[in-house]
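Below sits a lone chain in structure tokens, taken as the form predicted on its own.
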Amino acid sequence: MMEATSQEKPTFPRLGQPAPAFEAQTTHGVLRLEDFKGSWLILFSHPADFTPVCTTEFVAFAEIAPELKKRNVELCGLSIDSTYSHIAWIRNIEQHFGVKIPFPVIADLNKEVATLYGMIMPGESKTETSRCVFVIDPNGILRAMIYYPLTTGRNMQEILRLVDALQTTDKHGVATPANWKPGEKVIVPPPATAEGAEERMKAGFETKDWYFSKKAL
């Protein structure tokens, strides 16, 4: 089951726009996107149950789940396998790897949610979802997207770093430089006027030039 937020279903999600609404059967029962309102959400897809790279990712997502909880972030997985397949695979992971899988997994057999989010890449596979990551904020706005090929497992530390960067931007109105990590200096938005550029040079930031300034939080 699934419903779109507008009369025209988007062909792919767009950053800064409301994330496509859905209602779907999961390993935790029927869930809707709006059930996550008020929390950040990482919605991620995997190609198939009972596959080795996906297994390593589920273990890794489970391991960072407590850190995500501290940041008010929920996890939700997805593939086009059935609920029964998801349950059997999760039980297998918990048995053989000793890791509890705490998050729901969408059973998207009709590919409706996968289609809404552009998770299927026909050039790679017409029958499996790619390794996609969608970061949705507490207001339901899509803030970040990452796509990986079927052969490459995701880096969980980068996902945590991305969440930290987005939350830092929202809290302080700043940007974050390449390779930024919490505790490091952030980028002050550049001035939009000539007068502002003159003032910036005297503002006391770590300034290379009027358009490039950093500060500690």
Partner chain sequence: MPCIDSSGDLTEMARKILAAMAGPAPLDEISEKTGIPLYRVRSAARELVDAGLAEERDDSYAVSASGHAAILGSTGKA
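Numbering follows the first chain given and starts at 1. Only a predicted model underlies this, so the values are computations on that prediction, with no experimental measurement involved.
What follows is about the form predicted together with its partner chain, which we do not show.
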property: Region of this chain that lies against its partner chain in the predicted bound form, out of 174 to 182, 55 to 63, 188 to 196, 34 to 42 [heavy atom, 4.5 Å]; result: 34 to 42
property: Close approach of Arg161 to its partner chain in the predicted bound form, 4.5 Å, heavy atom; result: no
property: Gly77 within 4.5 Å of its partner chain in the predicted bound form, heavy atoms; result: no
property: Its partner chain contact in the predicted bound form: Pro104, any heavy atom under 4.5 Å; result: yes
